[in-house]
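Coming up, as structure tokens: structure 1 and structure 2, two forms of one and the same protein chain.
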Structure 1
Amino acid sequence: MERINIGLIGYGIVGQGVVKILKNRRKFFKDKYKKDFFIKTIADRSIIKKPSPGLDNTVLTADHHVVLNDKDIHIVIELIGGMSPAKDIILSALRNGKHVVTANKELLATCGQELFRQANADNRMIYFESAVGAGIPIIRTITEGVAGNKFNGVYGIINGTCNFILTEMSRRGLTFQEALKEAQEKGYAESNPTLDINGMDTAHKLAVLVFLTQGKFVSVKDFHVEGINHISHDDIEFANTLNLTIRLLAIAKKIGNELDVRVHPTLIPKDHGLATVNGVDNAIFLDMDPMGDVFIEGQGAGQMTAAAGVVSDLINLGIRKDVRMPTWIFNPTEEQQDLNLRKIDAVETRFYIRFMVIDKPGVLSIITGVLGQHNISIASVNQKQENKGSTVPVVMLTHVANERAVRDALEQITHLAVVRSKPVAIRMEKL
């Protein structure tokens, strides 16, 4: 029986999950795939503080070079995350003839093209199923399952922590902080949860989806990224009464030869599939030609789902020995080369805008006057019934409006004497 020697670098939550699966299923995998998936070495800087993997004959080390320099290791799993030393580890592993499995979305979003080219030059493969949506097979769906389709748009809920926070604020009335704490305790959040709530984790994953679907390597610095920090219970309740749901959405739409790529909280109709994605679940909605729509949903964060994605990569590498990086992943086609990113200022959507204003006659006409000056047309107005003279939330839904115009109008409105705090604007998406 062929033995597949694995070197695991990074023995954190996900790494420990990978070990659990490979330990419990080793015999089953031997029977099924006729391969022995064996963890030869585990490297982790703080290995002595980590729980014992309980594996016989597995070397434990604090030095990842032990893995990289071992000629008998066939596949290196990089699970330390971040840019450095993860990038050097992957490059060295490839140069030393090893296939690589990684879940490192930040690294792939930032240096994917370089890493894939290197892999191709070294006749090796980088698999990264868990980089987006953890074990949900979205990478394999895009690269293999729906190959041959043209992607008009990708819409995703791809951060479990944010979706858990938004859902639990709504379902159980938790505060933002309570919901975040629970997401951290359940192991959904990144070691730095700021990356989850400020939208950057979603942006990294979106950049991965963009190069897979559109052949364009976009930097997260070049598209609009907004997190969920400013979303309040008021917004969630208002949305509910308007038959809408707030989700942190990753959007990548092809419009002519432009790509409209952005990450922000988005109001979507309650009856759309994406609005029913709750808790830690992730979902990706693909709009394609000729196939039409495909919707894929599942648990998108957490130890075992991420570990399952890594193990699926291991198995696919193990059973396809001579696989190498396909050139189309890092070389855009002629049509793709012509794609430009649409500037956020040029984007046009409908908006939900919540103003905190003094409850007295004439206030609404002042606000609508400014919106009118900026060519922003109002579709509806709602106000919560509160005591006269106090500050009240007023919510307006606009018709389709230009992003820049809305920003300029809100800047002006923020400084009005009748307005008590910066208005909250949430884009609405027609899906």
Structure 2
Amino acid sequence: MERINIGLIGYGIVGQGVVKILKNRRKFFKDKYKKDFFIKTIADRSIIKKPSPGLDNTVLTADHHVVLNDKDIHIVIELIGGMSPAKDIILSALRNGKHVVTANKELLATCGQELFRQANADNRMIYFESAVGAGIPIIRTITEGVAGNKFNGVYGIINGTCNFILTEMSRRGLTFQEALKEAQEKGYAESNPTLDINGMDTAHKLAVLVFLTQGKFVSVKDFHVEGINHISHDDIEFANTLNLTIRLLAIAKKIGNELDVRVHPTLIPKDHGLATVNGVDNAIFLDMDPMGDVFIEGQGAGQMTAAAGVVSDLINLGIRKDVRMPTWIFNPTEEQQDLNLRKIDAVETRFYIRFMVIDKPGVLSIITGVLGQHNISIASVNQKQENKGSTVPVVMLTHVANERAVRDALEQITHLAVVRSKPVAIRMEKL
């Protein structure tokens, strides 16, 4: 029976979940894989304040260098998140001959190419299943299960917090703030949820999916990222009447030699699988050639879900740890040189636009006149009936329109005397 010594750096919620699984299923893993996954050392700055039952044979330390310098440790699990010192920890682990498991999507999105090159130089591997979709096996599906396919597009709901908020706004008629508060009370959202609701968490995960499916390392600074905090209950209601659903969607699709990469709230048809993904669930829709469409869904948040993805990586690394690792698709190092990012200004799609206007004759003709000046054609108009003189929402669906033209038109419309607030525009996506 071979023992696989593990060094865990970061003993937070997910780290504690990993320990629970490895302790509770140790005999099962021994019997099935003929490997003994042993937690040799745990490093955490606050280790003395955290519960550690059943870890009598494990070294507990506040110094992560104890893990990195231990020659007997085979695999380092990095679960502290963020950029620093996580990057130095992973680089040091690789240089010291250790494989790495991480769930750090921000670091991979920002420095993935550098980390993978170091891994290949040291004949080590970085596994990162829980970086996208927690325990949903999307990374392994892309890199192994459908490796022979060309990826035409990737569409994902990959932030459980935002999906929970939008689901509760739709199901129960909650306001954005009410749904966010409930997400925090249930532990689905951080006390500071900014990275979730402004779309950046989704953007980091999308960047990881892009380099795995398209061979292009993209920075979140170079593509459009938009959150959900401007979505109102009016938008949810109007979407329902149009047989559409609003979801925060990660989009990456190949158009010729360009990549259209963006994150934003998106209107999708209710009969599409992504529209049925509710609560904290995540889902990824892959458009591939020759295989066609693949849809993967599962719980995308929670301690044990994320921990299960980490343990899956541990098992796969434990089985392969002594195999000579060539440069492999799981840790890509080179880019597709002929691919360029399409600027958001060049995107063309249909739009849902909500205006808050004074309810009086002539308002619609004024607004449609401005839209017409920018070559934006209207497909339909919906207006709630209210008392004359009051402020009412007017919703328009456009035909396919240019992003820049829509933005310029809305900027002009915002300053009209009959318009009471900045218009809300939500892109529609044909899946």
Ligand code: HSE
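If you're wondering where the values come from, they're calculated on a predicted model, not measured in any experiment. Note that the rigid core is defined as the largest set of C-alphas that superpose within 1.5 Å between two forms. Along the sequence of structure 1, residues get numbers from 1 upward.
Asker: Identify which of the two structures, 1 or 2, is the form predicted in complex with this ligand.
Answerer: The chain shown as structure 1 is the form predicted in complex with this ligand.
Asker: C-alpha of Q336: shift of 2 angstroms or more between the two structures, rigid core aligned?
Answerer: Superposed on the core, Q336 moves its C-alpha 2 Å or more between the two structures.
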